[in-house]
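Presented below, as structure tokens, is a lone chain in the form predicted on its own.
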């Protein structure tokens, strides 16, 4: 029988949480008076959307941003929630390379789609053989390097953070056992690890989501012609 990876359960839980979160946000936005001054959650959402949309427009165009911004927001939200799963005793889905590979592949597909739409089919096919026909192999390797760069960067940072936290827990557990009257209770971890979780899970998780978002926008914008 096939063994189910523990990240599968985390993926299911996180997906359900995001769907529920989006449902609540959607209901919240529907009840907002468009003529009133936004505040609270609505103001936060509007600010986030405007910031991402502005960045997408700067790298691509107003027309492309209508379709690209929703994708960028969605994938960034998923990566952020997945990265901070450790705070809730879940294994981060982004510590599984198959997950980060799929996320990177989605971005790479969009890179090629927007490049083909902007250049036209003939110029797009020709670009694979520039500057000379034999360079097609180097161009393919270049495309694959983008896929590997996006997927491995996210995977490596999240996995290394999780491994480091596990090592720290074991080390602090050994120290706790050496303290009289404590025994098996890992009291030292309770005092030290909250700060480390803040960095490795919350801060680093948010930073990696932001980096993935920025690189995705930059890679897509880089493939568009200058006039775009």
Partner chain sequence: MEKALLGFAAALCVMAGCITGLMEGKVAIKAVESIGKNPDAASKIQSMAIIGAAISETCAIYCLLVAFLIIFILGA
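Model, not experiment: these values are computed from the prediction. Positions refer to the first chain, counted from 1.
Beyond what is shown, the protein has a form predicted together with the partner chain; the following relates to that form.
- Although the partner is absent from this view, residue 101 stays clear of the partner chain in the model of the complex, with no non-hydrogen atom inside 4.5 angstroms.
- By the criterion of a heavy atom within 4.5 Å, residue 15 is excluded from the residues contacting the partner chain in the model of the complex.
- Taking the partner from the other structure, the partner chain in the model of the complex has no heavy atom within 4.5 Å of any heavy atom of residue 63.
- Of the heavy atoms in residue 153, some are within 4.5 Å of the partner chain in the model of the complex.
- From the list 51 to 59, 34 to 42, 65 to 73, 195 to 203, the contact stretch for the partner chain in the model of the complex under a 4.5 Å heavy atom rule is 51 to 59.
- Think of it this way: in the model of the complex, the partner chain has a heavy atom of just one of 148, 138, 109, 121 within 4.5 Å, and the residue is 148.
- Taking the partner chain as it sits in the model of the complex, the stretch 194 to 215 comes within 4.5 angstroms of it through a non-hydrogen atom at 210, 214, 215.
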